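We've got the same protein chain twice here, in two forms, each standing alone as structure tokens: structure 1 and structure 2.
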Structure 1
């Protein structure tokens, strides 16, 4: 009996130790990024310089992530809108009408998409873009272009946003599906009773029940999209100057990927500063999603 008692204590302690081992890197990472990142931002010219200026070349003393921050915010916003616009109705379909054969096949498709490597999503958008860009420009060149429309180059912010949207779609779809599937039966019947058209029942009445879960999912998906690097490698490509969104566009995550592998001290410093900025963006969205719930 004493042996069993001891074994019990030992086993539970082992589980707790494993859990601590799994969470410890998270704390280590956050502390590491913020401590080194704050020092780096101070050294590279203070917060405003860091947030507004282009990044340092190997011979500079100061610099920041200005252009990349703009690119990240623009592409994440566009990607999140597009991802939600596709993911939400898809999720409603899977959740509301999950019985029929087509919906089950669709669910399998979404499951394939959620497991799809993000770098492959980037390749897909690259392939589509390289097919369509010349034809697209024939129409776009007639419009006044400037920063936003203009003739597109092979790599541009819109390709990046499309890749981020594809990454986000399955998250939103699956979360929406489980939110709609968990609506209780009496509530659903009541909704259909007062809803009139089916559309009103599903989108207006049931919306009140599932909106929180769906918004949380959308925010978490946005946070995920804001930090993605791999799908942007061949779609936005990265840029270190303020440039129009029709050409190669920088992103904070792309700059971290590039600068962390560079041999120059000042660029590694800026990678840590950029990491602190990116982590702040993601944490803010994440906490927003948690508080909302």
Structure 2
């Protein structure tokens, strides 16, 4: 008996040690980004200067990620809305009609899309935008443009948002499908009895049952999209100034990629600060997802 208890404690200690070993690199990475990022932000003029000002040139002592932060928030918000608008009904279809052949094929396609290289998603959107931009501009050029409407250039915020939406769709669809498929039969029958029509039962009554899971999936997908760099390389392309969203649009992740390769110390510092800002955005979204779960 004593030997068994000793083995149980030894096994538990081994699991705890392995778990700590697995998460230690993650915590070390987060701490390292925040320590170096906070020092960089202080050195480049403080938090508000960093959040509002354009990035520093090699000859500046201060600067920030203002234009890129605006671009990230705008493209992520649009991408999240579009990704949810497509991913949610797709997930409902897969979850409710899972035995149908077309639903199974759709699930397989969504599973493939999860593993699809995001840089290929960016290339796909770039190719589509290249073919469609001239036709779109025939209509958009007649509208009052400003910052938000056309005519569109080859690289623009809307192409970036479309790429982020495609990245987000499978996360929302698969989580929604799992949530709907997990609804127990008596509850489903009650929903159909209360809702009357299938549409009401699925999209109104059952939606309230799975709303937490769906919202969690939407937030996790949004966090995933907010941190993406590769799909924006061929769509938003990036810039370093406050410009209209109809042209090349900056993103924090793109600036980190550019600045980290710079030979100038001030821009490398800016990359550390930008990494801390981007990590904060992603962590806040993840924390919201955990709170709502």
Partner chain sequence: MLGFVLAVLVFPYLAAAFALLFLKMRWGLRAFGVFALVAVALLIAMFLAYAYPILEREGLAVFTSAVWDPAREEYGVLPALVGTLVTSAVAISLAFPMAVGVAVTINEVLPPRLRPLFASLVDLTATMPTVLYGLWGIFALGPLLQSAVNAVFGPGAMPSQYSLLTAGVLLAVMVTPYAAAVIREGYAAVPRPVEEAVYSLGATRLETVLVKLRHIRNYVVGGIFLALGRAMGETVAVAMVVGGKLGSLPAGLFDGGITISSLIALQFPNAAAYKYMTAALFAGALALAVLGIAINAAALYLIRRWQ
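Residue numbers count along the first chain shown, from 1. Here, rigid core means the biggest group of C-alpha atoms that superpose within 1.5 Å across both forms. Note that the structure is a prediction, hence the values are computed from the model and not measured.
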Deciding between structure 1 and structure 2, tell me which is the form predicted alone. 2
After the core is matched up, is the C-alpha of residue 10 off by 2 Å or more between the two structures? yes
After core superposition, I'd like to know whether residue 283 moves between the two structures (criterion: C-alpha shift of 2 angstroms or more). no
Quick one: how many Å does the C-alpha of residue 19 shift between the two structures once the rigid core is superposed? 3.6
